[in-house]
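Presented as structure tokens, the chain that follows is alone, the form predicted on its own.
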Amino acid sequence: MAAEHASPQLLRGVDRAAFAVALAVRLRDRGVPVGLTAIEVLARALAVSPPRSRSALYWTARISLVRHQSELAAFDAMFAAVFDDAMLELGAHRAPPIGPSGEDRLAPVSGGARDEQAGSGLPWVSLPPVVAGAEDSDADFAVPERLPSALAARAEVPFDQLSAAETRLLGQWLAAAVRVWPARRTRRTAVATGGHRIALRSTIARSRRTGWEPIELVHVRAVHKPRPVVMLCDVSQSMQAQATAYLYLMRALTLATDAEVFAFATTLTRLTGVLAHRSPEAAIEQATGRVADRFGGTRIATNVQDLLASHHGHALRGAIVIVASDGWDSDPATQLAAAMARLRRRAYRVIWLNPRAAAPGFTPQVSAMAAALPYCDSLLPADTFGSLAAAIGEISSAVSSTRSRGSRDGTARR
């Protein structure tokens, strides 16, 4: 037994999962039903007790993969076909070298099986191939090259150059970027072990168990919830290329932060309910059909005033308000400035997303945009899905850093 433990492992450098799957596939070809559980059991058994001889490997595989006595003949035939005449004595100094290229390398097995195809060996080695050499080293080994996926590369393509399928996929990709959203502190508290405040009422109530001696203190801390967000999306003629992508952004905000979302051209349309649909395609289709005046004129000032005067105006208090528009407005600039001033006083932050802001040397020369800009906290480009994701990240980091500074200031004052 001691000599057996001292011998080198039989399958050193072998991908155990691929090895187990390869054996299972060959058994299935011979009519033996091998389930995923048996494959997992074999992979775990090889990890816990690495076989050091062909006999140990035989019994490990047989116990893991075979369930009925009628399957033993097929298993023995498969094992003999694979391992007869195979060089299994791969000691510590016989580890297969890593090839310069190619996918998972298969070790040819010259077994006596007549029904095994040539070159269809077992996956002895499935380490990632080496693709490039290190710059400051003459060694042959280097880290595998990582390339962006095709979908990530399309995220920097303008909206009007994307197909409907790509827009749908990137819309789902964008939803992942909105999962992290800044939170705000509420007046509610919850019991927490690490809380910095002592709940007197709860502490006194618990002291009944100890003769009214407050031995155990109950700590609480403030409850945080996602910062409310309200988004207004311009769906006029000049924003036709960006409308669908912005609808995906509004849907992501609706699902992640319970946002209130509106589309506007000449009138204001609330889309919160339809965009919360479970199916993205159905949500976008219903939202597009709900806006009757889409791809027409634009009245930004009128719609902002309508929102402030409606019963949805209370949603603006303490909220992050995102306005997605190119700023082309048929209303007077003074009217928009007055509406934006009211909006700024009510909101926590006002963010303006402008697809034209990504152009080099962009300056807000449109009168409406110039009138609204003094009341905006940020003007961010939004011409691609990548810029939309970056804008979400910038909004989150800016709000979080502001909250951190406020917390530090409050601590200093105390």
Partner chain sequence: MAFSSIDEVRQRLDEVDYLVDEGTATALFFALTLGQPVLLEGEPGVGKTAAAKALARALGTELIRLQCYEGLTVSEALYEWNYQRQLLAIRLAESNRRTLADADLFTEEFLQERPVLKAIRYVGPSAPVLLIDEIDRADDEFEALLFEFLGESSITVPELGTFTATRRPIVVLTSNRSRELHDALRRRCLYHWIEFPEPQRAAEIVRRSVPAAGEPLIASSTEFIGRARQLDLDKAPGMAETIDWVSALSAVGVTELVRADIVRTLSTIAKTPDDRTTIAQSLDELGYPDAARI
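Residue numbers count along the first chain shown, from 1. What we label the rigid core is the largest C-alpha set whose atoms superpose within 1.5 Å from one form to the other. Only a predicted model underlies this, so the values are computations on that prediction, with no experimental measurement involved.
Although not depicted, the form predicted together with its partner chain is the subject of the following passage.
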### Task
Choose one stretch from 380-388, 51-59, 23-31, 358-366: the one whose residues place a heavy atom within 4.5 angstroms of its partner chain in the predicted complex.
51-59
### Query
Does I204 reach its partner chain in the predicted complex if we count a contact as any heavy atom within 4.5 Å?
yes
### Message
So, H196 and its partner chain: in the predicted complex, are they within 4.5 Å at any heavy atom pair?
### Response
no
### Query
Does G297 reach its partner chain in the predicted complex, with heavy atoms at most 4.5 Å apart?
no
### Query
Taking heavy atoms and a 4.5 Å cut-off, does G318 contact its partner chain in the predicted complex?
no
### Answer option from H312, R344, R227, R154, heavy atom within 4.5 Å of its partner chain in the predicted complex
H312
### Message
Within 4.5 Å, heavy atoms only, which of A222, L72, A183, L217 is in contact with its partner chain in the predicted complex?
### Response
L72
### Query
So, does R317 move by 2 Å or more at the CA between this form and the one not shown, with the core held fixed?
no
### Message
After a rigid core superposition, would you say the CA of W59 moves by 2 angstroms or more between this form and the one not shown, or not?
### Response
yes
### Query
Is there a C-alpha shift of 2 Å or more at K225 between this form and the one not shown once the rigid core is superposed?
no
